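Only one chain is given next, in structure tokens, and it is the form predicted alone.
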Amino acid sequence: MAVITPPSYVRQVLTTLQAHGNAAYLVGGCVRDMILGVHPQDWDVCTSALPEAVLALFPGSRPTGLQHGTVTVVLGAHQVEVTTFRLEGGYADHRHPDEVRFVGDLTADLSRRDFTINAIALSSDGILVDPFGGVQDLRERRIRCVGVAEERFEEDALRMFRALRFSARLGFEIEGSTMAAIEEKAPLAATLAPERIRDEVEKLLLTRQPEKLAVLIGAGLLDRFLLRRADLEFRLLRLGHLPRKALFRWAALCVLLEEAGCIDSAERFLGALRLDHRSIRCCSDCVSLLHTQPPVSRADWKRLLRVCGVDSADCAARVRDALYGGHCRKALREVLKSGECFSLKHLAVGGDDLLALGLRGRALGDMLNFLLDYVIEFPENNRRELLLSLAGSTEEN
């Protein structure tokens, strides 16, 4: 195991629990990451101490999930999730346990976890507890369920998405029986809240292997959101050419899904997944813009910016370059860096100026748009006196 020493506040939690006669171990993702040589972002502790005892030992901590045995221990600016050893029973909604029972056995607690690589515990003196072969699976770069895979996915259908996300994030293969269980239990994905599916898909999109989303689609996990399945692995390889920013990768995904006939509307697809309105608008604009030829001149770029704004134009430029090649992003950046006017906000005259000339209502709006068209063609003429003179002479005519 790589030598990564937990920070002092984490060691304090472990030693405090142990000093009062409780078993305490680091567990889950932080142990997995330490073995892989990655510094954990979060630290989780499992213990034989009941939640009430944990709260008493660490004043100021928060009972964030007492029914599940979880207390957020707060030490200064730091937090550690501490959870009592537990077993779970019954999952009527294929997501949340109907019953939680606290136990004193670490192995029993580890047995309820999703994958072997997340079912490893580490004591304060550096001893690994690994009853399900998680360390070996880490060495062999393998995702495998704890126990019977079908049962794990029946308990929590979101674990199927997590398996594929871990595969993409870590570059691991999914073990055969686990993958077969995903394909068998994929219809259970229909029971999950769209927001939870959205979050898992986005996390997968932001990995270095976003093309793994093709496996997720092929297994049927997104059937409720798609018109059809398709073999997308080769297409989705192009997602990796984009920066790891959610908006760009969602937009590119929508373009590729529409090309393959999997969706007929980015707006409907993303709306069903409960993305925010800004992302839906930008992605929809991006798909529409990619149905047209890219701008050729600076004036064309400014007209596009005028209609759809910087966010959508930038998204479309990046996605076009990544999926089809080209230098749209470079051309757009040159226009933006120039400071040339492409919106009424940057026009040297405004509505009040035209009101002073006697323009009202539709005539005022038409004149503003005329002046903006003029400045887009002749950016050096975005000067107040010149535009007022032009507006006045045009109105007289």
Ligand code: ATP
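Quick caveat, the model's predicted, so the values are computed rather than measured. Numbers follow the displayed sequence, beginning with 1.
There is another form of the same protein, the form predicted together with adenosine-5'-triphosphate; it is not shown, and what comes next is about it.
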property	result
Which of 36-44, 327-335, 61-69, 361-369 sits within 4.5 Å of adenosine-5'-triphosphate in the predicted bound form, heavy atom basis	36-44
Contacting member of 156, 137, 314, 211, with respect to adenosine-5'-triphosphate in the predicted bound form [4.5 Å, heavy atom]	156
Position in contact with adenosine-5'-triphosphate when the complex is considered in the predicted bound form, options 298, 169, 198, 244, heavy atoms within 4.5 Å	169
Exercise: residue 118 in contact with adenosine-5'-triphosphate in the predicted bound form, heavy atom 4.5 Å	yes
Interface membership of residue 114, adenosine-5'-triphosphate in the predicted bound form, 4.5 Å heavy atom rule	yes
Contact label in the predicted bound form: residue 165 to adenosine-5'-triphosphate, heavy atom within 4.5 Å	yes
4.5 angstroms heavy atom contact with adenosine-5'-triphosphate in the predicted bound form for residue 29	yes
